[in-house]
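One chain comes next, on its own, written out as structure tokens in the form predicted alone.
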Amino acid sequence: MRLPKFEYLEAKNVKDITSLLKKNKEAVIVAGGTDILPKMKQRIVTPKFVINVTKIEDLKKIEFGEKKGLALGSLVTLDAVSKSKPVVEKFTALAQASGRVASSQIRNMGTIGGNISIESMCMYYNQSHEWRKGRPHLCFKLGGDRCFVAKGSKECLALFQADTPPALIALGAKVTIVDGTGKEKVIDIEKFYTQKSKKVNILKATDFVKQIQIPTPPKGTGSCYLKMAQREAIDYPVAGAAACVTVSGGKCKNARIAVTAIGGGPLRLKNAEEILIGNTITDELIEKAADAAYEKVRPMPHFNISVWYKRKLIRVLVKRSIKQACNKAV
């Protein structure tokens, strides 16, 4: 499959991105291109303008300070995130999540900003133009009037499967977004997602992600991200879970747990967190938190993987991620 025709534009700084997006309607930003270029070949997206942002060095920085925390430019590659010393040592879940995305070739190209901004997918939406031409109707995501994942559904049920968002939610990350006027706003990463499959995040056509910030975890904190996929490499998760736990004197002082590949966005499991906070960490307590996760999630089916199996899988992944996070917290 070939790319559709487009006009190539190049941004030299952050202000250029805002200006080019504002002047050129139907433009898309390309950094690593691991997501947008396949969609262009499939004619899912046919932009008139493509804005290359890879020359902006300010967005490729990883900065860390004990007081300021971690700051990741949106163009930092997933490979760089997974191998960064401060990320590995203090933000383990993010290093693990970044290191499990697809393959080493894609991690060398794909960016952290692109991974958190990835859209939901399904086998009816992510197909070639020729394949879709053979179907008499379009799905909700393509402007149609039905969902082929679940016939009779009144909304899109495409699945969100990115690896890094649950880790970032567990770590309490914030995202800096630049809007069409050049104004910046900082929001909790949880609020970045709509939980709607048709449009997963809040970004408008003229918005883009500039930076991700994560506060330095307090002493006695450990984090972990675990993922189940059908293959070791390339595959998106069938399910993924991240946990960040702060332990003092054997008791849980704080906990944040999030999962992915269960619906239209990453989901924070506050009911499971509440079971842990304020109590002495034991195997029985972790089991109760995992049971709470099982009760909370209502996952979408994943090809030939049943909802029942995915709920069981979430329970196992939440249990193991909490246990490993607690072990790192000691």
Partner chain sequence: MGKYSIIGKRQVRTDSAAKVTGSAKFAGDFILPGMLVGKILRSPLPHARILNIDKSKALKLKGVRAVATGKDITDIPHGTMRVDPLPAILRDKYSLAKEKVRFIGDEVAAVAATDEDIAMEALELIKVEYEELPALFDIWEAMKPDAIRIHENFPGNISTMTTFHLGDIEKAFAESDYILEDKYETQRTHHSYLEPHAVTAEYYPSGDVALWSSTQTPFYDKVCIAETIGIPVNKVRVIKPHVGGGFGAKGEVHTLFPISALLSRMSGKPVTISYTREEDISTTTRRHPTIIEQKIGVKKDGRIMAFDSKILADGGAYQSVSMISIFVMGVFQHGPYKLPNFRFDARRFYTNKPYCGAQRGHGAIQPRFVIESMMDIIAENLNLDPIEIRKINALKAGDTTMNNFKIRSCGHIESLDTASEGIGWKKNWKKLPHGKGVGLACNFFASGPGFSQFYTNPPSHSGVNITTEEDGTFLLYTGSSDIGQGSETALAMIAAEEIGLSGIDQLKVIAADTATTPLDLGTYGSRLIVCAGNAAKMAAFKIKEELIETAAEMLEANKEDLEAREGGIYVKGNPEKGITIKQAVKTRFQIKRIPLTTVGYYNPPVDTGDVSGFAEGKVSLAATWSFGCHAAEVDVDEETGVVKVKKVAAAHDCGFAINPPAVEGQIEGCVSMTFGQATCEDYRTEKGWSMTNSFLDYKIPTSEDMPEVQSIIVESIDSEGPFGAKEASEGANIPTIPAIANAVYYATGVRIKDLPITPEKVLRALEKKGGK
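Numbering follows the first chain given and starts at 1. As the structure is a prediction and not an experimental result, all values here were calculated from the model.
What follows is about the form predicted in complex with its partner chain, which we do not show.
Taken together, the three residues M123, K133 and I234 all lie with some non-hydrogen atom within 4.5 angstroms of its partner chain in the predicted complex. The listed set Q127, N108, N254, Q213 contains one residue whose heavy atoms approach its partner chain in the predicted complex to within 4.5 Å, identified as Q127. Checked against its partner chain in the predicted complex, the residues I62, L37, I277, I305 give one hit for a heavy atom within 4.5 Å, which is I305. Taking the partner from elsewhere, M228 is found to have a heavy atom lying within 4.5 Å of its partner chain in the predicted complex. Shown alone here, V14 lies farther than 4.5 Å from its partner chain in the predicted complex, counting heavy atoms only.
Residue contact check for L313: one or more of its heavy atoms lie within 4.5 Å of its partner chain in the predicted complex. The closest non-hydrogen atom of K22 lies beyond 4.5 Å of its partner chain in the predicted complex. From the list 108 to 116, 202 to 210, 86 to 94, 135 to 143, the contact stretch for its partner chain in the predicted complex under a 4.5 Å heavy atom rule is 135 to 143. Residues of 1 to 18 that come within 4.5 Å of its partner chain in the predicted complex, judged by any heavy atom, are M1, R2, K5 in sequence order.
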